[in-house]
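As structure tokens, one chain now follows by itself in the form predicted on its own.
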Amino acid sequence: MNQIATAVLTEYTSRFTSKPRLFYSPGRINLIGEHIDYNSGYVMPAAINKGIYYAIAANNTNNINFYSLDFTEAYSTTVNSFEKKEGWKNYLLSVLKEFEMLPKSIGGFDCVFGGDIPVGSGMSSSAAVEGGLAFAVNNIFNLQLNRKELALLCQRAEHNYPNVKCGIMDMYASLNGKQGNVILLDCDKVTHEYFPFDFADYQIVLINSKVQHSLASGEYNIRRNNCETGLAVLKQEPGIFTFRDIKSVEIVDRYKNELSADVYNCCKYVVEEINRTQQAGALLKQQNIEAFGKLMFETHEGLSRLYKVSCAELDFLTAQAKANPNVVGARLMGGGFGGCTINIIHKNFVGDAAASIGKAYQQQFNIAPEVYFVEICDGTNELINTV
């Protein structure tokens, strides 16, 4: 059994007397389609083999007891007493509040959780935390919500107490991942199809800038507001209801004088990125990884120059990747302002390429980056408890 899962179960048995069930909720990568899920576009995420483990069992009381292995901190509350708190507690309590508002009847339970998703890395630790708890609670209390309903519940939860006006991608990818496949998610209809990502000669590598970001700081919400402001103007165009209806940047250009510079740039990026993501799906079907990688570099350029969610460290990492002939594509991943770049590197040279990029980065910023070689895995699921 995974070392973290064993640690979570061991901590549980030291604190509680019941035999817990064990759940795993993965983080996610996003190959292309960044900042598009809240703009009714298409995204291409996948669940990965880094995530959060939950040991949990009903306790036949009204008490709810949490212990965070990563923060070495306990927190207790009672059923239907889910008020806004600070830090990690908000993500859990907001999920429980959403169940209460459905309404869905839950009882007391004991829970220990911990994982290996670096906070602020862009792998969506918050969605893994929310989705893992929601999936576990749904199972132990037999609430019978499906995975789509759970993803939407977790999205509402992140909007509520954490106050991050995120789209659906992170939660949906974590809950609906499929081993060896990426998800082409239609964020307007909230439907998906799977595309095999079976390029045997290539490895997905994340390089963590070690620069921390916090979406709750407000920058994420500012970008979303810019898009909403711009779309309200662009709807003057006949047949435009969402960004996916805008087939070319020329339509955005027609209204440039009615938009502030920041709003125009955000809208231009969104229209271009929706088109790129649709192209990316076609390229995967054609097994054209080189052209797919070029789209990733284009996405980074748009995120940096138009959407303005990059930073010097992420720009440097991506530039180093682009200069390396064994990297077919790279870009910043996640909300931005820090975290990881995602890179597709030829397996024969993956170690050398990652080391070369990391060395140059450390020389430039005096920061030793962390490198993660990730695999695409199944979404949130129950594991066998062998402890």
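Quantities reported herein were computed from a predicted structural model and do not represent experimental measurements. Numbers for residues come from their place in the sequence shown, where the first is 1.
The form predicted together with alpha-D-galactopyranose is left out here; the points below concern that form.
Across the options 59-67, 317-325, 338-346, 33-41, residues that bring heavy atoms within 4.5 Å of alpha-D-galactopyranose in the predicted complex belong to 33-41. In the predicted complex, alpha-D-galactopyranose sits within 4.5 Å of a heavy atom of residue 166. Under a 4.5 angstroms non-hydrogen atom cutoff, alpha-D-galactopyranose in the predicted complex has residue 220 among its neighbouring residues.
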